[in-house]
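So this first bit is one chain, no partners, the form predicted on its own, shown in structure tokens.
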């Protein structure tokens, strides 16, 4: 039988560790999403989180482990936002597509830190290059599963991969400043891109 944990100020050791871990991940998100990979060091993260390095190593083996945790959290939020948008959308393909695009935009453009972590950081930080490649197929699957089943299987897969690549490049360009268009125009273009694939 496990002994009950002692509490301090009304919280257990497990709770306090979880809180410190969240603080470190939030600090990593702020540094990585606002200033890029070069700004993320163990010392900078601890300073931003207002924690000592002892507490950093309580949760993470090294800087790369923190970066992966930050990336995984944002990727999970993006995946959950898309799944929820599709599940709650009206039974109309146009409304479904618009709901999905809007939910993604609200996550990664309205909070551009998250967009930079998800789409820009894997282009430059070795710790995230592989993880980004590993997670991309899950977003492709989301698009694939929403395309009409009447589409030939091979065409369906090709369309899903092609649309995912196009959307990734569009959002990457918008976030890094090479695609200078109004937010609303970007949303409409992405909606149309997905509708064209669904109606192919």
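For the two forms, the rigid core is made up of the largest set of C-alpha atoms that agree within 1.5 Å on superposition. Residue numbers count along the first chain shown, from 1. All figures in this text were calculated on a predicted structure; none of them were measured in a lab.
The next section is about a form of this same protein that is not shown, the form predicted together with a further copy of the same chain.
K.L.:
Is the gap between residue 123 and a further copy of the same chain in the model of the complex 4.5 Å or less for some heavy atom pair?
P.N.:
The answer is yes: residue 123 has a heavy atom within 4.5 Å of a further copy of the same chain.
K.L.:
Can you tell me if residue 48 lies within 4.5 angstroms of a further copy of the same chain in the model of the complex, counting non-hydrogen atoms only?
P.N.:
The answer is no: residue 48 has no heavy atom within 4.5 Å of a further copy of the same chain.
K.L.:
Answer with yes or no whether residue 17 is in contact with a further copy of the same chain in the model of the complex, where contact means some heavy atom within 4.5 Å.
P.N.:
Outside the cut-off, so no.
K.L.:
May I ask you to state whether residue 62 is within 4.5 Å of a further copy of the same chain in the model of the complex, using heavy atom distances?
P.N.:
No, residue 62 stays farther than 4.5 Å from a further copy of the same chain in the model of the complex.
K.L.:
Would you kindly say which of 41, 169, 52, 34 lies with a heavy atom within 4.5 Å of a further copy of the same chain in the model of the complex?
P.N.:
None of the other options qualify; the answer is 169.
K.L.:
Whether 11, 25 and 112 jointly form a contact site for a further copy of the same chain in the model of the complex is the question; each needs a heavy atom within 4.5 Å.
P.N.:
No, the whole trio is out of contact, none within 4.5 Å by any heavy atom.
K.L.:
Where, within 181-199, is there a heavy atom within 4.5 Å of a further copy of the same chain in the model of the complex? Residue list please.
P.N.:
Heavy-atom contacts to a further copy of the same chain in the model of the complex: 181, 185, 186, 189.
K.L.:
Residue 175: CA shift of at least 2 Å between this form and the one not shown after core fit?
P.N.:
Residue 175: C-alpha displaced by 2 Å or more between this form and the one not shown.
K.L.:
On a rigid core superposition, would residue 164 pass a 2 Å threshold for CA movement between this form and the one not shown?
P.N.:
After core superposition, the displacement of the residue 164 C-alpha between this form and the one not shown reaches the 2 Å mark, so yes.
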